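In structure tokens, the next block holds one chain alone, the form predicted on its own.
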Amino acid sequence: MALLVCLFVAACSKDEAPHVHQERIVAFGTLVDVSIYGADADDVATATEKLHSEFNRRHTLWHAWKGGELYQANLLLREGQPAKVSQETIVMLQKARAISDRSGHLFNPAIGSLVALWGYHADELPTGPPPPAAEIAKLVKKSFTLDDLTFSGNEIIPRRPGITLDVGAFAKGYAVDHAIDLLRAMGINNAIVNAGGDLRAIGSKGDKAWRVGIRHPRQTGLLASLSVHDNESVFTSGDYERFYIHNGKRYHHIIDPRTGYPAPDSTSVTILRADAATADGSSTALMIAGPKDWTRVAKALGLEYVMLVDTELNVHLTPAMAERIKFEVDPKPVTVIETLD
């Protein structure tokens, strides 16, 4: 969901540059940059082709409003009927449910109907006005979560009609994890897969760590940067990528399932952790939790490295993230260090 991170590959010295192979593909509705250090060019080309195929296959499989497997399943689930899907979709949804449960359902892939009501189940951004309050309240009252589904073999069984799934806050991270698995299976151990700004790195760039920049949520350029070590992911959710302004108010696509409205108190959340799928879902949950409640949710999700930017552009950090982050703006933002105890 977030596109806040840009890769500093171009900062390599001249003697390093020939060893970093970069390829760009269009997949999962975004640009995917694959950077591989120290591999043969033919291996890089083969790996890139496989990643392109796998990203696009999963994008089609789990698209919320185009005619793939998840879309077809939603047609049945909304009617209260069981839906047969592939085993990989079952496994993906089970992992998503575990993260959703730990977040107190702030990360909630079962609110597809709310996301659609706001107009975000379309390629073109909505222009406003917001949906009628009564329609929002009607969907919020139903309080759908992934716990309203049971899984039996390759079948999803809804406990009640009306549920619509949208895994946009999770599927990209899940796909990035599988891309890294694919690279490792090919013997590539020093690489970074950057899907529209959200990434996971393995190994290093020679004797240097991979370094990434985190976009400022309200101005051009970077807010901060950090070095990414072996087997770390950086994912960000923000209110500035898919949004519209109506009567001077910003309405973005990260919907709070408790209210049915866009999360009001955060502009961005950046998570650093090992697996991309958990980082992806967690960044959404903390965006919704906001500056008053993010530490509780972060603790429940087992997070250590978190940066949250509130609507006043104050930066809230865990102690561990404060040690890793380097701010790239002058003057530096007001920072608040908060423990997860």
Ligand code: ADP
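Note that the structure is a prediction, hence the values are computed from the model and not measured. Residue numbers run from 1 along the displayed sequence.
Quick note: we don't show the form predicted together with this ligand, though the next part is all about it.
Which of 205-213, 79-87, 255-263, 148-156 sits within 4.5 Å of this ligand in the model of the complex, heavy atom basis: The contacting stretch is 255-263.
Exercise: T236 in contact with this ligand in the model of the complex, heavy atom 4.5 Å: So T236 counts as contacting this ligand.
Distance check, G168 to this ligand in the model of the complex, heavy atom within 4.5 Å: Because a heavy atom of G168 falls inside 4.5 Å of this ligand in the model of the complex, the answer is yes.
F107, heavy atom within 4.5 angstroms of this ligand in the model of the complex: Close contact exists here: in the model of the complex, F107 approaches this ligand to within 4.5 Å, heavy atoms only.
is_contact(V306, this ligand) in the model of the complex, heavy atom dist at most 4.5 Å: Outside the cut-off, so no.
Heavy atom within 4.5 Å of this ligand in the model of the complex - the one residue of I99, V115, A224, L139 that qualifies: Checking each option against this ligand in the model of the complex, the one that comes within 4.5 Å is V115.
Heavy atom within 4.5 Å of this ligand in the model of the complex - residue from L70, A276, I288, I36: The residue from L70, A276, I288, I36 that makes the contact is I288.
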